[in-house]
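Given as structure tokens, the chain that follows is alone and in the form predicted alone.
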Amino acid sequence: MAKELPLSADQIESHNAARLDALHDDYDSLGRALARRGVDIDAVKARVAGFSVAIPSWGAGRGGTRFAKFPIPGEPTTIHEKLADCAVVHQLSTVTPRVSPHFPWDCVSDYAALREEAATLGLGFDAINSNTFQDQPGQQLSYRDGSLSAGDAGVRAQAVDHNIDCIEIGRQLGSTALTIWVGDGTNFPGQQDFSRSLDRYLEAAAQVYAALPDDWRMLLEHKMYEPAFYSTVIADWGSSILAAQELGPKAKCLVDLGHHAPNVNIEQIVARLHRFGKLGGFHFNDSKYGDDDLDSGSINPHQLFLVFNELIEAELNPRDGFDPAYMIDQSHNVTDPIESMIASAEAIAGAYAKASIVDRAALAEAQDANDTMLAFLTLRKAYRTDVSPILAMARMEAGGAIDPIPAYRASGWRARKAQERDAVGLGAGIV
């Protein structure tokens, strides 16, 4: 199938030509420095070239605060426009080849045609996301008091049916995973019985699990609070792994960086979930105060590196297998969403590259010798390394841009879309 990429390849090549000599100089210099540490820069570049992270369809639009949404000119209003914007991100960054859709937000009448449309843009589809945390126009019953854990059996059945519908959509799109996040919980003590609400969730989730194709996974996403603030049914990784263990081997745990109590050691959670074969996926974002959904690496890039250090450890020691679903999950309130996703993709790929050059033998030796400082400095040495020439070279060789955001701005994409697309109306809240 012939591809119809959104940006001119000639324009990207022209952008790269003006930067190519400097890139070769920086790459060769870094290569010599890494060689002195016993690291082959071309091998690291090959690893980066093979790395990818999905982007969410909803990430192509502006998010919002809890009080208002401020649209940007040229913001997409349909899944077709979202795919076009996601294709821009991938064409320039070369590490985001899959889109994770959300239903019913992205519903169309012909999913086979949508899959073909994505393929012409150089994209495939990642995990399918169901929505039982919002009421939709024409919906028979409300999720106000819960969905998969609701006390009303009819509401639970409606939520189960929606998730099964999402599986069927996913099969047509070529996906092999369903992500389930529910906003179910309470705002007052005594509002629900903790045990009975979890039992209802597990019973309903088991019905969805039974509808999974053999090669699919169910990714259970936990969240400590919001929209429920006193309790949530799947509040933490402990609840998530217990639910996944009860549901079966196709159920895995999905970790979102913002869905934890303050100061929780997320990298340790990654190691624990992998140890028990339940690490299913990771949603990348950043936070300062809570589930802020800020751009990946914008607040705490060191934590992102430490998370990837554990992910690399898991990759090198796969136990029962290692195939996590990586996705960017952010809310772009004050930036151009395309620029934010490009910047986040680079931050994530950079953390992966840095974790890939950790001297694993030296780290293990220091750990076994209880040499705390040497172990710490082994990690810190990798973290301090500027791997941007590796990322840029991998991008350029794959047809992307050496410096993606300036290339995007020079393309005039947003200005053109502002003229072509319908304007997005003012919003009352985050979605």
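Note that the structure is predicted; figures quoted are calculated from it, not measured. Residue indices: 1-based, along the sequence shown.
Quick note: we don't show the form predicted together with another copy of the chain, though the next part is all about it.
A.B. asks: Taking 135, 190 and 292 as a possible spot, do all three reach another copy of the chain in the model of the complex with a heavy atom inside 4.5 Å?
C.D. replies: Every listed residue reaches another copy of the chain in the model of the complex, so yes.
A.B. asks: Given that another copy of the chain is left out here, which of 202, 119, 211, 108 has a heavy atom within 4.5 Å of it in the model of the complex?
C.D. replies: Of the candidates 202, 119, 211, 108, 202 is the one lying within 4.5 Å of another copy of the chain in the model of the complex.
A.B. asks: Taking the partner as it appears in the model of the complex, which of 164 to 172, 219 to 227, 109 to 117, 81 to 89 has residues with heavy atoms within 4.5 Å of another copy of the chain?
C.D. replies: Selected stretch: 219 to 227.
A.B. asks: Quick check on residue 39: any heavy atom within 4.5 Å of another copy of the chain in the model of the complex?
C.D. replies: No - in the model of the complex, heavy atoms of residue 39 and another copy of the chain never come within 4.5 Å of each other.
A.B. asks: Give a yes or no for residue 47: in the model of the complex, does one of its heavy atoms lie within 4.5 Å of a heavy atom belonging to another copy of the chain?
C.D. replies: No, residue 47 is distant from the partner.
A.B. asks: Even though another copy of the chain is not shown here, does residue 246 get within 4.5 Å of it in the model of the complex, heavy atoms only?
C.D. replies: Yes, contact at 4.5 Å.
A.B. asks: Is there a non-hydrogen atom of residue 143 within 4.5 angstroms of a non-hydrogen atom of another copy of the chain in the model of the complex?
C.D. replies: Answer yes; at least one heavy atom of residue 143 falls within 4.5 Å of another copy of the chain in the model of the complex.
A.B. asks: Judged by heavy atom distances of 4.5 Å or less, which residues of 209 to 243 approach another copy of the chain in the model of the complex?
C.D. replies: The stretch 209 to 243, when checked against another copy of the chain in the model of the complex, contributes 223, 224, 225, 226, 227, 229, 230, 231, 232, 233, 235, 236, 237, 238, 239, 241, 242 at the 4.5 Å heavy-atom cut-off.
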